[in-house]
Ligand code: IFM
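As structure tokens, one chain now follows by itself in the form predicted alone.
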Amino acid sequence: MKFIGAATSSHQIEGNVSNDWTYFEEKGLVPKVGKACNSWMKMEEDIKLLKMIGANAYRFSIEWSRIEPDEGLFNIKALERYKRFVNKLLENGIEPFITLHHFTNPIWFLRMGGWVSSKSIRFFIRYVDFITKYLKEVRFWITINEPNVYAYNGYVIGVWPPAERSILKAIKVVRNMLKASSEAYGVVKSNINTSYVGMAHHVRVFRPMDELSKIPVALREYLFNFLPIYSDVHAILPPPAGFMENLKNKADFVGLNYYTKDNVRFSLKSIFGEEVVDESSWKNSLGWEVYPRGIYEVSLRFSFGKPVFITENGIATENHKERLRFIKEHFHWLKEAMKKGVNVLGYFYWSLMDNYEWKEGYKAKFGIFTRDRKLRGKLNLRKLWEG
């Protein structure tokens, strides 16, 4: 495996931002982010942490609301800050993997309709064009992070901004995000001909509790896992996001964010069934089942013959020994996938440090380091992989 490191996102670690999440904070609908890990002021300190864990790559995101705080008004000073950080990473032998959209949006974008609007694609492409013309040193780009999770939380169950409940809007959002990602691919390639471009997809293992439960599992599998990845790698929009129309570009790789397995039981209350907790299973502090073999299963199932990056994989716990066990067991199953022919090019642990975990606030401790950058215990990702 060529690249190994950790992952973060701008809103979750930078602090002092003004976007759709902070707008909803004012309404008391989501926890307050505040200074987060103050990484906007301490980016260079984060490089020291990466070197301590043996990382040669770092996945982070650019905060759209910093770069374009008002529609059409771009902040060169903020982009220069990111550029200095990129150059510092490269000087230290750490490959930057930049995510262009990781859940948050500028407030003006929210007010004009967000990702439901047909204008969203044009606005996103303009932003991508601006960024990639400026950061030509960066080879690896992730256009959009987890469109399925964004649409589900923001437009199905309504616990994230914009806090709506509309299946039709959720479908529009996924459609627009997938189309935007495909168009962004072409823009990045045009501006940086050495670039490697794809998306980061959240995937889960779904297990039916009995024969009847296979129905809701099949629906979850298709809509949550299969549809976004298939669209990304084949440049075709399947129903209900589209009617098999062609998109402009196919991704260079498949990015997989893998955390957990869901046991699903048929229910008359929901076509998607209901989740059943296995009390005997290993769980993280959020109650998610830890299922290391799942990284093997999703890598085989969703690679589609493309190179694979594990763009996120981590455990919420304050127990250092548990985190070590988690990484070792997932590494074991990832190596098994590689033996089966999956071309895994990189692995990013989530997360470098404890951060703002969206509706969970600061309760979930995913970090190798604490928020104040203290190491929980000796951990070298490269040595763990090689061992």
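Because the structure is a prediction, the values reported are computed rather than measured. Start at 1 with the first residue shown and count on from there.
As for the form predicted in complex with the ligand, it is not shown, yet the points below apply to it.
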Counting only non-hydrogen atoms, the one stretch of 183-191, 208-216, 97-105, 73-81 within 4.5 angstroms of the ligand in the predicted bound form is 97-105
Give a yes or no for E329: in the predicted bound form, does one of its heavy atoms lie within 4.5 Å of a heavy atom belonging to the ligand?
-> no
Indicate whether the ligand has at least one heavy atom within 4.5 Å of a heavy atom of S231 in the predicted bound form.
-> no
Report yes if any heavy atom of W350 sits within 4.5 Å of a heavy atom of the ligand in the predicted bound form; otherwise report no.
-> yes
Counting only non-hydrogen atoms and a 4.5 angstroms cut-off, does E336 reach the ligand in the predicted bound form?
-> no
Within 4.5 Å of the ligand in the predicted bound form, heavy atoms considered, which of Y127, F224, Y259, F85?
-> Y259
Here the chain is shown alone; which of F266, Y291, Y152, W288 has a heavy atom within 4.5 Å of the ligand in the predicted bound form?
-> W288
Across 311-325, the residues having a non-hydrogen atom within 4.5 Å of the ligand in the predicted bound form turn out to be E312
